[in-house]
Ligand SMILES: Cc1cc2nc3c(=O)[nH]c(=O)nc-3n(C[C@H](O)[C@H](O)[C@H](O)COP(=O)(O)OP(=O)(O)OC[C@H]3O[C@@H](n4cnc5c(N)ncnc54)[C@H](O)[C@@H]3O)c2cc1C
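Single chain ahead, written as structure tokens, the form predicted alone.
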Amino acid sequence: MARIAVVGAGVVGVASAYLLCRQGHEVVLVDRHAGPALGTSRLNGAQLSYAYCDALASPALLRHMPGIVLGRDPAYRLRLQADPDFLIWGLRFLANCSPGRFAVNTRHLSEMAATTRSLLTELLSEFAIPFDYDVSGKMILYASAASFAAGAGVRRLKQSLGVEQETLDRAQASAIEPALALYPDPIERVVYSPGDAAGRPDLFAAGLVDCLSERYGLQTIFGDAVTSLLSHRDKVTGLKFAIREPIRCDRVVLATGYATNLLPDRVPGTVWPVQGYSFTAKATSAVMRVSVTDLKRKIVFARLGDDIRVAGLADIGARRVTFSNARFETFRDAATSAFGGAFNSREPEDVAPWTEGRPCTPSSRPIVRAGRLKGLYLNLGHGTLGWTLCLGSAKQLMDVMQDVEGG
């Protein structure tokens, strides 16, 4: 079997390493951070949203684009950049907002999510990994009849894919999730997906790395950045690092959007960071068990053991992501106005803030393909859906490798 280096130890890279290890390969997992899942995967929304993995580019978002450009939508921020990469990405994003492209992209993502769900069940029967995992279900709150009607086409698409969803009124939803009594605004309808789950992606990735190291001899190189690919006669031969000595390998999998600068055939406008924010706070006795998406505020809430994870915002513009206190406060205030009774946030130290840029393709579909160099493969660009798609895209990667190499 081959010696394969996986660059990127977020949930996607770790999932890829898992399936490669199961195939009997010698795998080396590499990351510029000091350990697994310390970047984009670390403190994301934590929801495994199998029934709600819609493409970001959509007709609905396109209708709201004028307000977003003018800064009137607090959930989104768009800052135009004089950067050819950004402009190409943006034009491709707009092209994917058509009804036809949105349906094709969402169908692709839903199928990939379904594969994750199946493989995660299989994985957890093999390894006992504590990551506050719970198949708690998910509720999407619609504030008005108009907003509910606007989502009818997407719900029909999900039904055609066999996605399990129920439509409830507020009383029916509250009987399942009493924490909805905390919500101060009207709720016209609730779409409930009982099979959705939540769990801490950072603990999952760290736990799986430990299991793979013990059972399959997974090797790890953390705390050093890959600076270039090594190749000979158009075939990948290894990795060069900023500090440590190069390593030799037969194949390389790039599983982080930040590694696109390593590609010899990089295409402009392939991925761009969509910045999001989250915080983790101690839950009160009134916290919800079911994950909740407040469509009015574009914020998600997920119970994680004794904590609650709250995530939201989609800021597109700057290539380099920085934390904005003003944006975070806007986000925290909106979350508190929705479900403030579910978590403790009286003091600044009660809330652990976080932000990261999630490398996203214009279609929201991950890039899973072979590279120009023989032995080079890509599994990146998962945007806001990396946790939900990780095992599904890893399985697609295995299929691509088998098609290319025939084994």
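So that there is no doubt, residue numbering starts at 1 and follows the sequence shown. Since we're looking at a predicted model, the values are computed, not measured.
Form predicted together with this ligand: not shown, discussed below.
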query: Partner-contacting position among Leu385, Leu391, Leu397, Leu20 - heavy atom within 4.5 Å of this ligand in the model of the complex; finding: Leu385
query: Ala259, Met288, Leu123, Ile187 - the one with a heavy atom within 4.5 Å of this ligand in the model of the complex; finding: Ala259
query: 4.5 Å heavy atom contact, Ala311 to this ligand in the model of the complex; finding: yes
query: Exercise: His64 in contact with this ligand in the model of the complex, heavy atom 4.5 Å; finding: no
query: Any non-hydrogen atom of Gly375 within 4.5 angstroms of this ligand in the model of the complex; finding: no
query: Any non-hydrogen atom of Asp224 within 4.5 angstroms of this ligand in the model of the complex; finding: yes
query: Interface segment, criterion being heavy atoms within 4.5 Å of this ligand in the model of the complex, picked from 271 to 279, 163 to 171, 94 to 102, 230 to 238; finding: 271 to 279
query: Residues from 1 to 21 in contact with this ligand (non-hydrogen atom within 4.5 Å) in the model of the complex; finding: Val7, Gly8, Ala9, Gly10, Val11, Val12, Gly13
query: Pair Ala259/Cys249, Cα separation in the model of the complex versus the displayed form, closer or farther by 3 angstroms or more; finding: farther
